[in-house]
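Here's a solo chain for you in structure tokens, the form predicted alone.
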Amino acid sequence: MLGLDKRDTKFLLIVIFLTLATPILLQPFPESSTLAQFNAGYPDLMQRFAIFGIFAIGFNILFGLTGYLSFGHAAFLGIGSYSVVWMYKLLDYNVIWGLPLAVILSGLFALVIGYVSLRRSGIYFSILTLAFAQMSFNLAYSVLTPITNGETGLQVYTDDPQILMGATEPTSPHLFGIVMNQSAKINLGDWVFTFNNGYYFCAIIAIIAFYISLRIFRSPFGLMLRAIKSNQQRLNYTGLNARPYTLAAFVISGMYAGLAGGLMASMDPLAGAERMQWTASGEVVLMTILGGVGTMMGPVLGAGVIKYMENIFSKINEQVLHSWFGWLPDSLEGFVIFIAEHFVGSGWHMTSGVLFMLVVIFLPGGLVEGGQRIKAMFNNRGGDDADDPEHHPKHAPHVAE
């Protein structure tokens, strides 16, 4: 289906199902349960899962396939956001105008930055991309204020032209009248499931982005990128010039980042320079490594885990902890809460840091490797040769999923 073999088609169908069923899967606990704190089926968080999943998928095309580690992808994220908000200001709130512009402008900026940065490799390439990202942040924050509105951020005002704005058109981001922030709620007993327009808009785009990345991974172009990562010097000895391939990967990756930035503005019509800070670039690196570099599902899983912890663990305050551990004796309750509060609330970074260290130490291949180990354990029960590719031809070399 769609140019994919049987295995990849099955994989894509599973991804589509899981993506469309996310509002249900992320709401496992009833509203009256004390565990409802861990439900993540609300629109803002689901949209972040999809958007940062796109961001991480694009970054993985560069880092996972070529091995070039960029610390400057937040620049393209910011460019995408500014592009969409400017279309709101000049035309109207329809997201259809801004997203293509976000992808095109991000690709052009990536072409320029990549052309310069890819003259170097390794840590020198990483430092160059970081320098470009910080330059972009400073330009947006304090130099190009007529375009970016500086530290206040770019937003839509009533006196903006909006030349396509109709009298009855929604005054918030929409797709031909389908308003992004509108939702339908379904009550099933004690469960409340929220089906949000904005989430499904992002989810459909994320599925398309995932499919394109899957085709790239399986293509001769993807094989060439993996050859560059494996041994670029040996590849150069064959007479092939690797730079056009790495530059193409950098541009594609930047376009993915611009699309993610545009979708952020599609959910919230505001663009600020903080989206271009180096911390945002570092975040997507953590997402990719946590999930599994060079795998298809790894970056998406990493993005989901980090955004889940950021939004769920950070909301667990002392009052919530008291409700959980109130059954303990007072002295023991105080001690447990004292320990726990360092890992939740404002200390959620501690939890993410510990998780990241454990993954790097025990699962160098990320969360995907953990899943593969569990799968191998079950396969080994069927025989000693379960993991031998000679006995299982279908397990020939294939990009991990």
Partner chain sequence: MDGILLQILNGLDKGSAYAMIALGLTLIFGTLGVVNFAHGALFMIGAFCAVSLQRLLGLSFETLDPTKKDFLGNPLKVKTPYIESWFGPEMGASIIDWSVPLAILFSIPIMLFVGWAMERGLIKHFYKRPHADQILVTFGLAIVMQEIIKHYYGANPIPTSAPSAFKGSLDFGVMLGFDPNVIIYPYWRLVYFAFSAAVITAVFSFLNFTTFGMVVRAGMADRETVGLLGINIDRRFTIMFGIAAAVAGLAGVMYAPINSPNYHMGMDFLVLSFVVVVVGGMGSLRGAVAAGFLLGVLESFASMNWIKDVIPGIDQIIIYLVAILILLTRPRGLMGRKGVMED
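Each form is matched to the other, and the largest set of C-alpha atoms that superpose within 1.5 Å is called the rigid core. Positions refer to the first chain, counted from 1. Because the structure is a prediction, the values reported are computed rather than measured.
The same protein also exists as the form predicted together with its partner chain; that form is not shown, yet it is the one meant from here on.
Checking 164, 147, 111, 127 for any heavy atom within 4.5 Å of its partner chain in the predicted bound form turns up a single hit: 127.
This chain is drawn without its partner chain; in the predicted bound form, the residue among 97, 86, 278, 200 with a heavy atom within 4.5 Å of it is 278. Mapping the unseen interface onto this chain, residue 289 counts among the residues with a heavy atom inside 4.5 Å of its partner chain in the predicted bound form. Contact annotation for residue 361: at least one heavy atom lies within 4.5 Å of its partner chain in the predicted bound form.
Among residues of the shown chain, residue 26 is not one whose heavy atoms approach its partner chain to within 4.5 Å in the predicted bound form. In the predicted bound form, its partner chain lies farther than 4.5 Å from every heavy atom of residue 105. In summary, the region of this chain contacting its partner chain in the predicted bound form, judged by heavy atoms within 4.5 Å and restricted to 298 to 306, 129 to 137, 178 to 186, 76 to 84, corresponds to 129 to 137.
No residue of the trio 21, 192 and 322 has any heavy atom within 4.5 Å of its partner chain in the predicted bound form.
Looking at 335 to 374, the residues that come within 4.5 Å of its partner chain in the predicted bound form, counting any heavy atom, are 338, 341, 342, 346, 349, 350, 353, 354, 356, 357, 360, 361, 364.
Comparing the forms between the shown form and the other one on their rigid core, the Cα displacement of residue 321 reaches 2 Å or more.
The Cα position of residue 353 differs by 2 Å or more between the shown form and the other one after fitting on the rigid core.
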